[in-house]
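A lone chain, given as structure tokens: the form predicted alone.
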């Protein structure tokens, strides 16, 4: 009898565990017990990730937001396109992926992702007096989405960020000369620290500025951090400057916390945008349509 009861107890225990495990796994977090769709994101804490979390709530999307990185997001996009599979990712312009593949933004009728943005240059207080030439270069730095995408494409094609930056500088010396104060092209010294987020766009812009300053004689350290650390760092004066501030929307929360502690030198690039991006062969055009085809985005 003891053996029989042990066997019965074991069967009941296994049944309960099976129900618990498979019941939880099958729920997927929604009432119908189905599997949620997936949005491939980038680094947690990035402004576009916060906007996407809000979009999921406001549009009542039955989707999960997958933390990733800008590089991993692009790799997932490539894999899906090569297989002609449906995929939705967090995207922004400028980015080399728009030059490489046929992509489109999903319409955002609720305006969660905001309108057109710009990328601004932010510097620490005191930089103008302590390093006036560096300050002037940062203040003068301005280029176009096409300029940025050219550097991004070279990096994506296998060049190092520094080599891609030097190539662009050599091919656009007239534009670079407009950033450099007259008579100060060489013979400069001292260390400059630039902070940036590891988005492809900001890798490109920061390394161009880095190489311009190095060509002038400065020792430049470019420090890759996440968005929160970048903004905290510039607010504390740990960085001399950043050229990676997406405003007025993407980095709005971060900027609000430090705006009284930094100097905003204004846009260095205009025409930026963020949102949800899909390949053009995906047959929906709006975020509102995602739930109706969620099973295609696994």
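Since the structure is predicted, the reported quantities are computational estimates derived from the model, not experimental observations. Positions refer to the first chain, counted from 1.
Here the subject shifts to the form predicted together with a small molecule, a form of this protein not shown in this document.
Participant: Honest question, do 137, 188 and 210 all end up within 4.5 Å of the small molecule in the predicted complex by heavy atom distance?
Facilitator: Judged in the predicted complex, none of 137, 188 and 210 sits within 4.5 Å of the small molecule.
Participant: Is residue 201 close enough to touch the small molecule in the predicted complex, meaning at least one heavy atom pair within 4.5 Å?
Facilitator: Answer yes; at least one heavy atom of residue 201 falls within 4.5 Å of the small molecule in the predicted complex.
Participant: Taking any heavy atom pair closer than or equal to 4.5 Å as contact, tell me whether residue 47 reaches the small molecule in the predicted complex.
Facilitator: Residue 47 belongs to the contact set for the small molecule.
Participant: Residue 42 versus the small molecule, in the predicted complex: is there a non-hydrogen atom within 4.5 Å?
Facilitator: Answer yes; at least one heavy atom of residue 42 falls within 4.5 Å of the small molecule in the predicted complex.
Participant: Is residue 196 one of the residues lying within 4.5 Å of the small molecule in the predicted complex, judged by heavy atom distances?
Facilitator: Taking the distances in the predicted complex, the answer for residue 196 is no, it never comes within 4.5 Å of the small molecule.
Participant: Based on heavy atom distances of 4.5 Å or less, which listed stretch (201-209, 125-133, 215-223, 79-87) is in contact with the small molecule in the predicted complex?
Facilitator: This holds for exactly one stretch, 201-209.
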